[in-house]
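Take a look at this one chain, the form predicted on its own, written out in structure tokens.
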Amino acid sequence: MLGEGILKGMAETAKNFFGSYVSKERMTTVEYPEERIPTIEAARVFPFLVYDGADWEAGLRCVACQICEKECPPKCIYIDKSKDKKPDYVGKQQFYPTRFDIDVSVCMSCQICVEVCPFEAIKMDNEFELATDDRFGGLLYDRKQLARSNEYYHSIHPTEASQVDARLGEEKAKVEAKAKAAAEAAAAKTAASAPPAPPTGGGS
């Protein structure tokens, strides 16, 4: 029937309008900012850098591989790689970013940086109230401003964060098992190549 879709839409609108007087669940708007709708887990705004432990600088997962910088469509990520290395979250010596900036005024929240990161180091935040009167400096976030703990990551994306932790735990266990096997092999080789002890005992 011609106009059937319009009639169905108007019926839904009327149901919510009159229902809002008797049921809060029927409310389609809230009195923001006094009232806020809980953010859904899949929400994404701008990226942040995940770190493990209590020290953001020592615990950053990022190894400055610069894949996200190269793949970023609007080119809003700027990374400088360190000259030295430090242990990462699995104990492997890795480079780290001495500079990691994101221009959130350019970022289009596409999440490509998250998808291409092989180290689970960059994720999407759900914080959206980022207004500032500093048009340039206030919208260029450095690595300290971008750093968020793994606990924070769990608080906003619990399902995804649990899956990531499980994968990283498996990788860490493999690295530790490999290192243990190598150490045992080296110890066995050393023992096998050691010269035999001289015989003891006296003669008459």
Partner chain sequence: MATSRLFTNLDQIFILLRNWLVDFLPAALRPAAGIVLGVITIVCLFPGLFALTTVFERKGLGRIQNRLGPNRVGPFGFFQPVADGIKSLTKEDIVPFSANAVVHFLAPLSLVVAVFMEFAVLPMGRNMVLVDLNAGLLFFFSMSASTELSVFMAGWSSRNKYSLLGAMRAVAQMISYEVVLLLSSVSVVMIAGSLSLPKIVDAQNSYTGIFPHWYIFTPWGLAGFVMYAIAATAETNRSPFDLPEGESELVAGYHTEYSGFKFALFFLGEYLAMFAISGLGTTLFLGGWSAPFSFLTFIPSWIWFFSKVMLSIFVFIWMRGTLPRLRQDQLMNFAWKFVLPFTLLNLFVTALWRFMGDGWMRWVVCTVILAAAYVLMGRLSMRNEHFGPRRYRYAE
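Positions refer to the first chain, counted from 1. This one's a predicted model, so the numbers in the text were calculated from it and none came from an experiment.
One more form of this protein should be noted, the form predicted together with its partner chain, which is absent from this view; the next part is about it.
Answer option from R26, K174, K144, R135, heavy atom within 4.5 Å of its partner chain in the predicted bound form: By the 4.5 Å criterion, the partner-contacting residue is R26.
For the chain shown here without its partner, which stretch in 63 to 71, 158 to 166, 30 to 38, 47 to 55 has non-hydrogen atoms within 4.5 angstroms of its partner chain in the predicted bound form? Of the stretches listed, the one contacting the partner is 30 to 38.
Please tell me whether any heavy atom belonging to T190 falls inside 4.5 Å of a heavy atom of its partner chain, as the geometry stands in the predicted bound form. The answer is no: T190 has no heavy atom within 4.5 Å of its partner chain.
Can any non-hydrogen atom of M10 be found within 4.5 angstroms of its partner chain in the predicted bound form? Because a heavy atom of M10 falls inside 4.5 Å of its partner chain in the predicted bound form, the answer is yes.
Contact with its partner chain in the predicted bound form for A14, defined as at least one heavy atom pair within 4.5 Å: yes or no? Flag for A14 set to yes.
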